[in-house]
Each structure stands twice: as C-alpha cells, then as structure tokens.
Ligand SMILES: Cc1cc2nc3c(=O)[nH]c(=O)nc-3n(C[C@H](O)[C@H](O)[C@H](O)COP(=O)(O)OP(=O)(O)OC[C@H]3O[C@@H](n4cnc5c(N)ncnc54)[C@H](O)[C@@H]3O)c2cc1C
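Before any questions on how it binds or moves, here is one chain, the form predicted on its own, in structure tokens.
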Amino acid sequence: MKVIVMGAGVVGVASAYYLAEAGHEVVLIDRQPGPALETSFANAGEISPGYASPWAAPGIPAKAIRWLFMRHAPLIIDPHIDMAMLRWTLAMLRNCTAARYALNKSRMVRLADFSRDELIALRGRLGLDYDQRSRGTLQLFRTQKQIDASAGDIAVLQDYGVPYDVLDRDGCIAAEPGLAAARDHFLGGLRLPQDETGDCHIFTNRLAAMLPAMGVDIRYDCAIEGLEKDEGRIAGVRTDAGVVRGDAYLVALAAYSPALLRPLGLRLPIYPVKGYSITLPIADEARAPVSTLLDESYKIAITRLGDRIRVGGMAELSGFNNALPARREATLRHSLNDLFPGAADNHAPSHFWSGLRPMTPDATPIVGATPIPNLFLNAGHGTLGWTMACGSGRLVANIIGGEAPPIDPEGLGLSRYSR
C-alpha cells in the first residue's frame, strides 16, 4: 500500500518509520526544509508517561483565574478571544470533572507507557543516540496543597502498575543533588524512575535520516495546499509541487491539521497552545539537574540534555503566533535559577524559542481512522508529542495496515467526539 504521510515532526517521522517497517510504500511531505523544525524543535525534552495528565482537571477553573494574576504566570490568555479558542476552552472546561479526568488520564497513560517501551526497543534496534538519559523525572511540590492534590495521580499510577516514589525534601535532593542550594523552596516531590529524557529534534533528524534507506520518499520544502476527494475517498494531496497520490493518507500536521480537514467537513477539536523554552549551556555540573524536574507551581520542566539545560513550559492561548516576549523568558529563567542557582551560564545566548502545541480539550491525541475510509489521523498530542510519538506511530501504522492494534485503541480515535 502507498501511504502519504503529511507532517515531518516527531509524530509524522515516527509514523513514516513504522509504516515503512511494515512494508508499505511511504511518501513523507513537509513544508519545512527538514524534519522537526516546528513544535518538535525545542520542547522540554522529557519522556514522561507517568506524568501524562489532562490539563482539564477538577479545580482547574479556579486555579486558572489565580494563574492569570501571577507575576510568573503558567497560563496566559490573549484578550482578543477568537471563536476557535472559545469553543476549545468550553470543551476543555466540560472535561474538568473527576470522572472525565480519570478516564482521560487512563487513556493517556495507556498510550504513553506503550510509547516509552516502543522508543526503548527502537533505540536498541537502530542504535540511536539523542542525548538521552534514563534517570527518571521528579515532580517538585512547593506547597502542602500540591502534595495533597497528587493523591489522585498516584491512584492512577497504582492502577496501571507504574513505579513511583513519594519523596520528602531530603529524598528530592538525593534524586537531584543540585536542589541542595534551594532546599527551603520546596517540601517534597513525586518521582517516576522509569521516565526518560532526550533531545526530540536530534532524535527526529536521526530517525528521518534512516528513512530513505527504507524506501521512504521524503519531500521537504513542499507546502500542502489541500486534499482532493473523489467518490467519498481522498484522491490526492494538492501541493505547491503538484498532486501526490496514494492509497491511504495520514495527517500528522499537529496544530495545522484542523485547517486542512475543515473543507472536507471534518472538525478536529485541536487548538494551538503556545509554549516556550530556553536552552543554556551548563556552567556547574554539580548544580545542574541530572534528569528532568517538573516545577509544579510554574508548570515548567527543567531538563538535562547533554551539556545543556532545557527549560520549557507555560501555556498561552493566543492563536497562531510565534512572538517571543521577554517576560516569558524571564519566567523560565526564574524557575531555573530559583531551583538550580548557578547551574547554567546565564550570560550565554539562551536560544529562546516558542512552539504551538496541538491540544485537544481532553488532552488525549486523536489516533486512527476518520469517516473517510482512506484518511487517518495522528495529531493532537499537546505537550506529549515526544512522549507518545513512537507509540502512536506504531498504533496508526497497524490501523492503516489492517493489523491488530498493539494496544487497546478505545477512546483514542476521532469518534469519541461524536458521542
């Protein structure tokens, strides 16, 4: 079968790999001159199945109001609200119940846990190196209220058999010795020892470099203009270099997927939630993180990537824009320097970046078939594209090929939004 994959971020490249591995003829199309140059370029770097949690949770509406007035706010909302933002926000708020939170988290953990195992297997087969570390992740709690609120997440981890450690202040410092200089700034933490870290951009580029040898036809600098439909099926992808035709079509265009499918009458509830990151060289090894730390108060991840520190986070609802306000960089630096003072070279260029995370209202990606028989989706991973890429790529490849899915696909498809 000839499969056209649209999008060369980490999700699209992983999907192309698994499709080619299954014996399909694959064409990979992207408007950029290379892979992973948008949302996959400089994300926070953590691969954290256990922390795969919906943003929509009980108590979030009240928290969101408080966040908006914080000096270093984890949530920013553009005052010029558009209809897409309004629809997405209302749908997200409908998921802020205990029952929906538990259901959505269970779906996310199922896919993310499988994806981590797939990544480990893939890395072993191909000998990939991407500044990876298998040292776990630590969610750091600054208040007792945060510690108390973690009980719900711990219950889900127990249900799925995910190993975890509840740590006091000394336990956190034992896991991340660089925190010793900030011991009065937190109370405890939740550590997941099986989580990993790694540079998503390096991984995607090295995996993409292997695709031509597998027979994949990669077409960079190729802008997708629309899909052609004939007799109820997709007949081709219209690009600025002509029409590309195949037997099956996979949309992995992250936040740009809804615009492509809207003319076909398909509505994807995906909104671009903007995130930011900075990357700095390490100045003092002893003060630097050894893996990933999640600062629960500011919703910021601080990750060790080789000889660099990547600091990423925040959620901004402002549509499709990539502006880089200085105050967002200040928030990232505040979290880093508060918890790991002296770890980074703050005088070096920070490589300040922003990306548009493709978020669904329930935070679960949309993976699988559509009402159009030969059109498939792998989009809407939000902040977890790096965590879920290999798992969702393998899953959608099996679905497209008509093979038994490697995990239960229930609740991961577009059909859940038609109920």
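Sequential numbering from 1, following the sequence displayed. Since the structure is predicted, the reported quantities are computational estimates derived from the model, not experimental observations.
In what follows, reference is made to the form predicted together with the named molecule, a form of this protein that is not presented.
S.K.: Considering only heavy atoms, tell me if I270 and the named molecule come within 4.5 Å of each other in the predicted bound form.
M.R.: Although the named molecule is absent here, I270 would stay clear of it in the predicted bound form, with no heavy atoms inside 4.5 Å.
S.K.: Should V10 be counted as a contact of the named molecule in the predicted bound form, where contact means heavy atoms within 4.5 Å?
M.R.: Contact with the named molecule, yes.
S.K.: Does the named molecule come within 4.5 Å of any heavy atom of G382 in the predicted bound form?
M.R.: Contact check for G382: yes, within 4.5 Å of the named molecule in the predicted bound form.
S.K.: Any of the heavy atoms of Y256 lying within 4.5 Å of the named molecule in the predicted bound form?
M.R.: Y256 belongs to the contact set for the named molecule.
S.K.: Pick the stretch from 215-223, 159-167, 174-182, 228-236 whose residues have a heavy atom within 4.5 Å of the named molecule in the predicted bound form.
M.R.: Going through the listed ranges, the match is 215-223.
S.K.: Heavy atoms within 4.5 Å of the named molecule in the predicted bound form is the criterion; list the residues of 181-215 that meet it.
M.R.: Heavy-atom contacts to the named molecule in the predicted bound form: nothing from 181-215.
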